[in-house]
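First, one chain by itself: the form predicted on its own, in structure tokens.
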């Protein structure tokens, strides 16, 4: 009869840190992790201060100019109006579509509890009070920090081939069958395990590449297009790329919305895929790929 002393006991079987050798590896380098968290802070302050700036004139236009009288060029606005009963309501208009947004957009409560006509509520903006000058200073500070941090990440990623090998989509991964496989797997919340989890799949690569190489650069360039000093130095070249400063402001706002959508989806995926493991990889670099599935099909 075997004694208890002869029976192996795995005291760490249920602990993430007790993964067998080979399952845990360094997923993100120090520079990548630092750049990631600096970006988190920058984007958070840029969005909050940008909403405060937007509240100074909560309307968007196409063209080179935008003012209250330019109704034909205004495609988006947040405001308040009286309904048929004479009661004030918050309204958000996109094209010809009017949406009642009382309490959140257009008509919301100030910090003193009183209703105020304002685009975005105080709790979404930085600073929380209406202060255009302060909001602009914070916005510009974090914008330049964001640019410098992004350049650091790009240079590091290119030198270490992190961008080429792990972020940029490979041609064979763009095969329709592989794309459809990833779409179905995500819809079923089935995430890769084992060695297949050591590399980003195609939907991740497309999302990250779109953000890094398209959306964020477009946000930066449209932001610079609205800077009078920067455009004076370039002879007004940047606004002309987008059809005018008003159009650049509209595109800048749209890129902010798409960035927020990316963040929401990204955070949801982190939670669904295992927040402890995902957050640990971006704090310490250590990532556990998990056990090999009993039956799987390798994907490119």
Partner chain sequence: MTIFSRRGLIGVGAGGLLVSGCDRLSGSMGANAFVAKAERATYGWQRLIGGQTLAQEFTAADISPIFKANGSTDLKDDDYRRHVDEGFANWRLKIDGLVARPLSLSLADLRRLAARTQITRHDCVEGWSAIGQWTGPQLGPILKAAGLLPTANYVVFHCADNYGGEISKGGAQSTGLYYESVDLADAFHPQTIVATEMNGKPLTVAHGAPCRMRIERQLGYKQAKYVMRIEAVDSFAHMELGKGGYWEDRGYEWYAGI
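Residue numbers count along the first chain shown, from 1. For clarity, every value in this text was computed on a predicted model and none was experimentally measured.
Another form exists, predicted together with the partner chain; not displayed. Remarks below refer to it.
Contact check for residue 231: a non-hydrogen atom falls within 4.5 Å of the partner chain in the predicted complex. Taking the partner from elsewhere, residue 102 is found to have every heavy atom lying beyond 4.5 Å of the partner chain in the predicted complex. In the predicted complex, at least one heavy atom of residue 68 sits within 4.5 Å of the partner chain. Within this chain, residue 259 is remote from the site of the partner chain in the predicted complex, having no heavy atom within 4.5 Å. Stretch-level contact analysis of 251-259, 30-38, 270-278, 51-59 against the partner chain in the predicted complex, using heavy atoms and a 4.5 Å limit, identifies 51-59. In summary, among the residues 205, 136, 193, 162, the only one with a non-hydrogen atom within 4.5 Å of the partner chain in the predicted complex is 136. Shown without its partner, this chain lists 209, 117, 128, 173 as candidates; in the predicted complex, only 128 has a non-hydrogen atom within 4.5 angstroms of the partner chain.
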